[in-house]
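What follows is a single chain, given as structure tokens, in the form predicted on its own.
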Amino acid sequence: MTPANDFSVWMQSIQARTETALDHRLPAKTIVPTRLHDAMRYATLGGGKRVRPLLAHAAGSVFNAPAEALDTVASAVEMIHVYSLVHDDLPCMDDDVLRRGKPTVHIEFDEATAMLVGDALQALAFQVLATPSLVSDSQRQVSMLALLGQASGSRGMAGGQAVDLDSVGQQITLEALEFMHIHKTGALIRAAVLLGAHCGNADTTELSKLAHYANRVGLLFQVVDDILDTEADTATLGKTAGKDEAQNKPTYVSLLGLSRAKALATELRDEAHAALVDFGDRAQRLHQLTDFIVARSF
């Protein structure tokens, strides 16, 4: 089996594991309130590449972390990610009608239900991450909860979204754009990597090296996303193409141009690979995922 095929098999296996783990942890749609639980499952299951769960499992594999623990942290991070998508799509935010190739939650259900879906998924993520004996050291688990909380809040994803909303129609610097996406996109990607490593009892030095890797990958993911928004069509993306340009949002493509944005993606990819050098072959999956993120575009 070639390395590419091996990675594809691994990726499909983790995606399937994540789907099963999420299915088990989400309330059944027969449980009251049935409409809310139905909408939570609609938003979460059956779509997406599961990049954050893949990163959690790949980071955990560096330290031989138990697969069951990685399923738990992967589920928690993905619930936070999905909640953010549901809220981002609302009319008061990006006002979109398509996500992961199907109608957004507020279109399929209604706006109030979509708000509650996001709220409930965020709460459930922390409930899942608080699973007893997730890791052997309870203080480490408290640190993991704090890590996800910071990545999700005003100093992470939510704060980045606030900066994004303030930047619509504005001319901002490349440094300001990077600050926005380190928080909006990068914080949760960083959390996925570090939470996976925590499941394998990585030490402080190892976590620091992985944090640097995750910072590069988080920006890489966003640069590629901006390129895709320019080059790909709606069917390929599973969401409305060209939305950023239509809403006059600053992007890496609007600031740098398409050619320089692609060059930046290549530079970030190389920096991400370099950050993993001390882990040797143990970081194979993280290397492969880095290339996969770039290959979504070119």
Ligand code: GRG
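Heads up: residue numbers just count along the shown sequence, starting at 1. Nothing here was measured: the structure is a model prediction, and the numbers come from that model.
Absent from the display: the form predicted in complex with this ligand. The rest refers to it.
* To do: Using the partner position in the predicted complex, report whether K49 sits within 4.5 Å of this ligand, counting heavy atoms only.
  => Yes, contact at 4.5 Å.
### Query
Does this ligand get within 4.5 angstroms of any non-hydrogen atom of R155 in the predicted complex?
Judged by the heavy-atom cut-off of 4.5 Å, R155 is well away from this ligand in the predicted complex.
Item checked: is_contact(R100, this ligand) in the predicted complex, heavy atom dist at most 4.5 Å -> Judged by the heavy-atom cut-off of 4.5 Å, R100 is in contact with this ligand in the predicted complex.
_With the partner left out here, check for me: in the predicted complex, does some heavy atom of F221 sit within 4.5 Å of this ligand?_
So F221 counts as contacting this ligand.
Quick one: which of 197 to 205, 84 to 92, 167 to 175, 107 to 115 gets within 4.5 Å of this ligand in the predicted complex, going by heavy atoms? One stretch meets the cut-off, namely 84 to 92.
### Task
Could you check which residue among N215, Q141, T185, T72 gets a heavy atom within 4.5 Å of this ligand in the predicted complex?
It is T185 that has a heavy atom within 4.5 Å of the partner.
* Heavy atom distance at most 4.5 Å to this ligand in the predicted complex, all of Q150, R190 and E271 -> No: no residue has a heavy atom within 4.5 Å of the partner.
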